[in-house]
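In structure tokens, the next block holds one chain alone, the form predicted alone.
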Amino acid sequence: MESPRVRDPERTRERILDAAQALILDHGFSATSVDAIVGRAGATKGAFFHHFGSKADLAKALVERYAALDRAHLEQGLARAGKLSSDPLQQLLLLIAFYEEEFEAMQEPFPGCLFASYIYEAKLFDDATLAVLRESTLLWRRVLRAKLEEAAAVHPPRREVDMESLADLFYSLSEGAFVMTKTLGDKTLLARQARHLRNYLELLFGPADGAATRPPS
């Protein structure tokens, strides 16, 4: 039951979304019932349907929130990197290092990616919900391809490379690492994969004489 002390509708909505996200990451969308969501959130069914007309409406609201947070996190990382270095390659290396630090700080294996959970059950979602996933993926491609092209203009790559495909590596590597982390229960795996990506970019764009390209500590 919803606590009588909680009267803020927005807070209730966020609790429902938080509960739904945790359950979906653990069990999948189809196996997550409205009853389970309201039970975990400490809310009522009336509260649920006040905020969401259906479970499908909840699914769309949840992925929109997740996409917005993901985009904000990426933008914050790029802004922070931009303050620390004017060199686009250094900015990319710093961005990856920021994610690596976050992964290293995790006390438990990462619970997973909501986008991946949705894609595994894509037939359960409408086109508008799936469009949010597509746009988020394309956002990463656009942003990182632009930054990679800036880096290549200053540090020509040592091998011919398809920049769009390379930009996708950021996203595909992390998604694959999420799956492996859940499969193996290894909370260090995400950070180690991020480090491999950073090493690869250093080798690809680094000078032929092997001079260090590590971002400043």
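Throughout, we count residues from 1 along the sequence that is shown. Here the structure is a predicted model, which is why all the values come from computation and not from measurement.
One more form of this protein should be noted, the form predicted in complex with another copy of the chain, which is absent from this view; the next part is about it.
With respect to another copy of the chain in the predicted complex, the three residues 166, 169 and 196 uniformly fall within 4.5 angstroms at the level of their nearest heavy atom. 184 is the sole member of 68, 36, 184, 154 with a non-hydrogen atom lying within 4.5 angstroms of another copy of the chain in the predicted complex. Interface residue among 64, 150, 175, 57 relative to another copy of the chain in the predicted complex, by the heavy atom within 4.5 Å criterion: 175. Picking from 137 to 145, 68 to 76, 97 to 105, 84 to 92 the stretch near another copy of the chain in the predicted complex, with a 4.5 Å limit on heavy atoms, gives 137 to 145. In the predicted complex, no heavy atom of residue 129 sits within 4.5 Å of another copy of the chain. None of the heavy atoms of residue 42 is located within 4.5 Å of another copy of the chain in the predicted complex. Although the partner is absent here, residue 28 lies within 4.5 Å of another copy of the chain in the predicted complex, judged by heavy atoms. In the predicted complex, another copy of the chain stays beyond 4.5 Å of every heavy atom belonging to residue 50.
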